[in-house]
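To begin, one chain is listed below as structure tokens, in the form predicted alone.
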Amino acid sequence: MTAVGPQAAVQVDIPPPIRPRERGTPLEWALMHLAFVAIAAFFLAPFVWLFAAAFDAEATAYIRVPGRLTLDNFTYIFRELAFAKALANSAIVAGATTLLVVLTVTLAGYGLSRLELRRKGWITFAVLLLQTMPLSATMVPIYGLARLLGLRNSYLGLILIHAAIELPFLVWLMKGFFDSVPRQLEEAAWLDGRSKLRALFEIVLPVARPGIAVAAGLSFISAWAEVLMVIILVDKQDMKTVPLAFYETFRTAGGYVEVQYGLVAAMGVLYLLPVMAVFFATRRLMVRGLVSGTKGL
């Protein structure tokens, strides 16, 4: 619509009318909701069994309402299976791995993003290529190297190896995220007299906070859940982590034939809670970081 006046013509854009949503037939509505219910039930059923069996005195392999609620499963794993020590070991290893990974991938990703290097594209994809190597194919040399350096049955060995496993993909991810941060922000900081290092910590990293949250969350979850390297590097009971304790429950508490499902479920609940806490604490930053970090890749 154009308004004509004595001074000037003003062009006013009128948005097109909103098209009403087309409602499906009752059959389509029923099939859609049935599919949603089936998918939700498929993914929620293990969690329902886990929390129900953990408090069930006579837990079975099937979902059922507990006949008698009890905390005996939790007290048993702490009293007889030294699960508190396993939790402490996992917290130390996962926390230290997260700090090391975040520091390393932040600096490496920033360097790959900002420095002008020859064959930088080749270097970037070479880093990502390391992630495609199966972990089982490298466990023998990793074991030999850890034994040679005296890193078996130690926090340092687990931390370094877990960090090395996680670095390739997260470096590549952080490089893509820093590519999406405008260079003009740093240039403005340089004009104000800040050094490159100061501009990185005061300007770039606050903007890159969602990407750092992604790296921290993924590294913590990976280090918390990794079990293959723990089996290879740890053979002392006071150094085992939660995944190893969870794995040994099948052998020490009933064997593979007669599984004590209540104990397994109690360990599973305590195994799951820290991961859920990290996810819900960083979910918004992780979503923003994953969306921003994939731009321009």
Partner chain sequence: MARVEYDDVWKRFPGSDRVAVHALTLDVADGELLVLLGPSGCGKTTALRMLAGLEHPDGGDIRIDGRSVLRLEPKDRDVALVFQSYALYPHLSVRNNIGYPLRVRGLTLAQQAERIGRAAALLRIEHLLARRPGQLSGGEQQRVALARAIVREPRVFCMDEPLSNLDAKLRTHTRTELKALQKDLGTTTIFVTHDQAEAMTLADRIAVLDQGRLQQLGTPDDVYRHPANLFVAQFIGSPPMNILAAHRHDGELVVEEAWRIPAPAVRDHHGGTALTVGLRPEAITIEQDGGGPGEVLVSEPLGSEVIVNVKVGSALVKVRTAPDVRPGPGTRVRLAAQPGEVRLFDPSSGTALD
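Treat the numbers as computed from the prediction; the structure is a model and nothing was measured. Positions refer to the first chain, counted from 1.
Not on display, but discussed next: the form predicted together with its partner chain.
S.K.: Is T75 near its partner chain? Define near as a heavy atom within 4.5 Å, in the predicted complex.
M.R.: Answer no; every heavy atom of T75 is more than 4.5 Å from its partner chain in the predicted complex.
S.K.: Does W190 reach its partner chain in the predicted complex, with heavy atoms at most 4.5 Å apart?
M.R.: Close contact exists here: in the predicted complex, W190 approaches its partner chain to within 4.5 Å, heavy atoms only.
S.K.: Examine P206 and determine whether its closest non-hydrogen atom to its partner chain in the predicted complex is within 4.5 angstroms.
M.R.: Output for P206 is yes: heavy atoms within 4.5 Å of its partner chain.
S.K.: Using a 4.5 Å heavy atom cut-off, state whether R194 contacts its partner chain in the predicted complex.
M.R.: Result yes; R194 sits at the interface with its partner chain in the predicted complex.
S.K.: Would you kindly say which of I92, L71, A84, L185 lies with a heavy atom within 4.5 Å of its partner chain in the predicted complex?
M.R.: Contact check passes for L185.
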